[in-house]
Every structure is written in C-alpha cells, then in structure tokens.
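What follows is a single chain, given as structure tokens, in the form predicted on its own.
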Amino acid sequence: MRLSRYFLPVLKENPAEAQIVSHRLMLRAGMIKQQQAGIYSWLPMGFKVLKRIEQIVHEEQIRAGHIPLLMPTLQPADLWRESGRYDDYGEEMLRIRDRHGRDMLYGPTNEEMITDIFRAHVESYKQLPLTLYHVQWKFRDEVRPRFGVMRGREFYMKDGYTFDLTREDALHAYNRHLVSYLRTYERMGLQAIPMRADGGPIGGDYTHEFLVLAETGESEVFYDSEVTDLTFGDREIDYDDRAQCQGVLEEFTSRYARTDETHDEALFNAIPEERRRVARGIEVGQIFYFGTKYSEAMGATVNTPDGKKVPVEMGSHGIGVSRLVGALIEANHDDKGIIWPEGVTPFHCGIVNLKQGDAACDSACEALYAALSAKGLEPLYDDREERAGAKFATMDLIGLPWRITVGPRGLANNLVELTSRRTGESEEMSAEAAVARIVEIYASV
C-alpha cells in the first residue's frame, strides 16, 4: 500500500473532545470518525486493526473447538419476554417497532437468540457439549458515551455460548474459555488479568472479567502483585483435558484479583502489604457460568441417557473486539503516538523514501516493497512528496512497529536504516538483510 494512494486522514492537533489517549490517537491517526456520540465510522487503518484482532479471536476460538456462526443485530422482543429480561434490562436497550407494529430491539447481547436456536435443533445429550459463537455489532444506549471506542454505544464483540449436560461439563467449558482468552490476549501483546466480577444483567454468580491495567480504566481493581508475573506463553493445551484446563484456571485465579464490585477488604488485607495493589483497569472480556437461567425460562431441554428431559447448562463468554483497539493503544503509546504490538499492527512495516523522485531511492523503495509483499507481509510505503520530518512524524503517530528508511547517503553504501518504533533504536544494514529481519520477526508472531 502506497501512502499517496491510501486514505489516512491524520490530524496535526489534538481533538478537543478526546479525553483519553486512545480516543485522541485514534482520531489523530485517522482510524475513526465520530458520526454521533458513541458511534464511529472505522476508517481504513482502524478497520485493519479491528479485523486483525478479530482474526486472532477467531483462530483461538476455533483452536478451542468452538464453532462460529452469525446472528442478526435486530432481535424480536418476544424472545426477551420469554427470559424475563425485556423489561428488566433498562434504558440501555434500544427498543424498536417495525412497520407491522412488532416490538424489536437492537441486540446488546444474544443469550435469548442462541437459546432459541439451540432449542429448535438440539434434543439429545449426544449432541453435547456444544459451543457456538459469533462476532457481531452490538448496541447499548449508554447515557454518557465517552472515551471513544472504550465506552461507545455501538461496539463489535465476540460472544460465545456453551451448552452442556451437567454443571461439571459447563464448568469445564468455562475453564476452556479462560484458557483460550489468556492465549488470545497474549497473542495481541496484552496482559489481561482474570478478576472475580459481578454478573450484572447477564446473570450468574460465577464470572471473571479480564482487565488490562491502565490509568484511564473505568474500573477500580484490587490485586496481589504476583498475578502480574504470570504468563501463559507458548504452552500447548489439550482443551479436552479437564485437569489441565482446571490447572490453568487455578494458576491464574488463585491469587487475589477483584473488581470494586466484588472486592473483599478482609481477604485483600490478608495479602502481604508489599504485594497489595490498587489500580485502574480496562475490561476487555468476561466469562459467565449461569446454569439453567435461560434454558429453564425458554424450554431448552435435552433428553438424558435415562430418557428424562432436563434443562441444558449454559454459559456465555465475551471479548470486546472494538474495545480492544482502544485498550491496546492505552497500553502501547508514547508522546509521539501509537506503538502497535506486532500481532495487531495494521501494516507490518513502514518504508520511508527520504528523496522522492530520486531514481536510486525510488527504485530501492519499490524493491523493498515488492520483496516484503512477496513474503506475505503488508508494508506501507510513504511515497509522498513531503519533507523527511513530516514522514517520520506520520510513521510515529500511526505506530507501525518497524520502519525502513531509504535515503541517498545510505544507498551510496548499499545500506538502509531499520528502526524499532518501541525502542527507537536504528541499525544500518543492506536492504536484503532488512527484509530478512522483518520476515524473521513476524515468523514468530
């Protein structure tokens, strides 16, 4: 992609309406445009990051044995009346009436609809366990939408739903999701800590939120500092191995870590004082076990081996895909702009031509672009007629992890400059060596 042909409407000044770093940088870097309070258009670069995050989510869900589908954004109100949530959900639900006078709603979540799908097609315990999920736009009519995509009204979310015969089976599904979420967040370069939380309007008394520590987080969190030393790493997990999944849950949840809604001062004070931490956190996901709350109300039953009909045990599990874009920026930025982790960067590498129109520079940049593209990578080539300072400022703002700079002085010695956005360190090397280095970096992502 050549920057002269790309749609990247960067802003030089900080937008007055942006209160936190991620909102400010997403607007400045031309990632989003506000259409209304809490509702955004995702411009090309923002959309690329959103889709990269979504792809990681899909890969890890499928790795765990979960099955993707797609449910609509609009839902019939009658389903929610069956579960009892239509009147209980409150004003965050956008209620709509179609031309035939039927009550509809813009879905804030999908427990009712997935339960309706299940009861229409599943009758026997032999069809269990089953986990279905989708990634879809949701709408919650926040009274004060703020902080950009961190607290918008329209948002993109992965929500998955588990169906099991017994409580023990359902808790294994819960553990399986915790493991898959840990893998998902670490692949994005994030540490998301599972914390005991409140069930809220979803329901259930067994739930964990995944929170990224950040000063701008909306939740106050209390935790044992030892939890921040835990990493999942590249360990292999058999998602059918109950003991292994339970072991991961115990490893990551045995130390104190709670949101303010479930905080227990006595338990917290039992931690050695030097390990007690109070901070802010950004919620990027949540897992719930709620048993038969929806299946009993909506008649979602299965036949057991002895011929009885029992309501299916359920859970729901969500990842805020669009919210993750903001959380990643909150955790990865400096005073110059965004610093994307390699796993989610919109482009793998930036190419900066210091002397556009110079035959040698143009030729070298084109060769780099072709070589990186041939390796399956996506470079962004800044081929604009701009001064070097402006090109560097743009690259720093949009935060690509690596930059290759090509100029007449270096080319005289057959050298280009490879720069790390995160460390700022630069190294001169041949163009071939720079390509090889970039390929090596992304081979392990």
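Fair warning: this is a prediction, and the values are worked out from it, not measured in the lab. From 1 onward, residues are counted along the sequence shown.
The same protein has a further form, the form predicted together with the RNA, not shown here; the description that follows concerns it.
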Any chance 140, 150 and 336 all have a heavy atom within 4.5 Å of the RNA in the model of the complex?
-> yes
Is residue 144 a contact residue for the RNA in the model of the complex, using a 4.5 Å heavy atom cut-off?
-> yes
Does the RNA come within 4.5 Å of any heavy atom of residue 366 in the model of the complex?
-> no
Is there any non-hydrogen atom of residue 61 lying within 4.5 Å of the RNA in the model of the complex?
-> no
Contact flag, residue 42 vs the RNA in the model of the complex, heavy atom cut 4.5 Å | no
Interface check vs the RNA in the model of the complex: of 320, 346, 350, 194, the one with a heavy atom inside 4.5 Å is 320
State the residue from 165, 331, 298, 157 whose non-hydrogen atoms include one within 4.5 Å of the RNA in the model of the complex.
-> 157
Counting only non-hydrogen atoms, the one stretch of 283-291, 239-247, 76-84, 122-130 within 4.5 angstroms of the RNA in the model of the complex is 283-291
Those residues of 81-99 with a non-hydrogen atom no more than 4.5 Å from the RNA in the model of the complex are 92
